[in-house]
Structure formats: C-alpha cells, structure tokens
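Only one chain is shown below, in structure tokens, and it's the form predicted alone.
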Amino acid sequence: MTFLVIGIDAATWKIIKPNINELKNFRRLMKIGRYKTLILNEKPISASAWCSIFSGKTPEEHKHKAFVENGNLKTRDDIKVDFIWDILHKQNYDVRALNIPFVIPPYNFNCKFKPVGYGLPETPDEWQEELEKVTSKAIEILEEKPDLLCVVYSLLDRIQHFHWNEPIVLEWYKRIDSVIGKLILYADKFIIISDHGFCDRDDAEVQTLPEKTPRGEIKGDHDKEAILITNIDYDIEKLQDVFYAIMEEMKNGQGNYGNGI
C-alpha cells in the first residue's frame, strides 16, 4: 500500500468551493474522504509552514522562519530537526520526498529532481513545466510502490500573487485538479494539504512580496486558511498534525508499510 501526501502551495477554498463543479477530482475526493479548513496558529509563511507540516514541530521548535537569513539562502543543514522521511527511512520504510519548498531550491529525498525556475516558476511556460515535470516524476516514483511519497506543487502560489481575482487562476486550478486525478490512482491513503490560503493583498496579515516587482504588481497574498482533504481517520487540526497522522498510519500497519515500527 502507498500513502500519498500532495501539497499544493497556496491552495484555497475561496477558489475550490465556488468552482467545485469544474474541479471533478477535488469534488470526488471531498466526497469519498473528509475535508476541512485548517486555521494556522502561526504566520502564513511557506518556508516555516512546510517545515511544520513535515517535521511535526512548531516554528518556535524548528526555528525555520524564512528562506533567507542574513542575506543567505538557508539549506536543509541549517534546520536542526528530523523530517518524516528521515525518521521513517531509518525504520526501513521506502519514503520519497519530491519538490518540498521549505527551502530554495525545493528539497528532495531519495530521488533526483531538478526544480523548475529554482523552485520559483514565474511564467506560464514555467508553470506548465513544473506541473508536467513534478507529475511525471511523481508517477515514476509511485509506480515503484513506495510506502510514502510526499510531493508539492508550488506554481499556484506564484500565479495567485500576480493574478489573484483573474480568470487565469481558475484555469490553473483545473490543471492541478487534473494531475491530482492521475496521482491519486496510485494511492491507498492520501492527504491533500496547502501550507496557507490566499486573499487580496490588502487583506493579508503578511505581505510576502513588495507591492511592485519587476514582474508586475502583487495582487494577492497569504492568509491563514489552509485546505485539507484526506481519507484517513486521524484528526488533523493543525499543520503539525500531518506528521503525526503519517506516523500513526505507519505504526498501525495499514497495509504492507516497510519493515519498521
């Protein structure tokens, strides 16, 4: 059996629910599983949020709050916590992590992958390239039937910053919906989660980019309402619970997971 965690950076119910009839895979998974809004206790910063999701630690515990510190990009070695893949790998599970954007460029574990645009796809061509390359690599991994694959798409965050409230946003949600339908065919258990939601820039608690950039005006930014869809029973109430949900599934021996626990 395979446990699949799909992260969709910046996915929001503000787009999904009003357009659910056009997002058939979101709709189907919401029907067969459970879904809710996760209200972040911390600031909705991607670097910190993805770190919390996959380490089970709060920002105060993992101390990773930004991609850049003292003018330097932070690396995996700067973060002094174990992630879910580190722990399960030591217990002889087949665990992969693909394109996880808690650092720049995004992090990979037990797989080789070159991110698009250094993990910051900025143009429609790069958005499509990320969608295709991440999906292709994820399917390649899933066909090997790992115990766990954690994979993240980052393009929606970039799109929504520059095009919030524009029709193009829904078009890319439809494309994400399509690839979810392909990946989920390989999974027995799944979690679909975002690191934060999205809103008008003026309504955002934090402004993660300046109002004017070389690529244009910033129209949207992060809010504290992340999405969650899952078919497991563990009660996920906050980002850190994803880590513990995965650990619980492994401990309970749901299927032929690894040789550990």
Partner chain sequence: MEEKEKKFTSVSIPVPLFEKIKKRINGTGFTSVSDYVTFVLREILAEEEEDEGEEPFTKEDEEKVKERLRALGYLD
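Predicted model only: the values in this text are computed from it and were never measured. Positions refer to the first chain, counted from 1.
One more form of this protein exists, namely the form predicted in complex with its partner chain; it is left out here, but the text below deals with it.
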Triple contact flag 39, 59 and 130 to its partner chain in the predicted bound form, non-hydrogen atom at 4.5 angstroms: no
Partner contact for residue 101 in the predicted bound form: its partner chain, 4.5 angstroms, heavy atom: no
Exercise: residue 82 in contact with its partner chain in the predicted bound form, heavy atom 4.5 Å: no
Contact label in the predicted bound form: residue 135 to its partner chain, heavy atom within 4.5 Å: no
Residue 147, heavy atom within 4.5 angstroms of its partner chain in the predicted bound form: yes
Stretch 183-205 - residues with a heavy atom within 4.5 Å of its partner chain in the predicted bound form: 184, 185, 186, 187, 188, 190
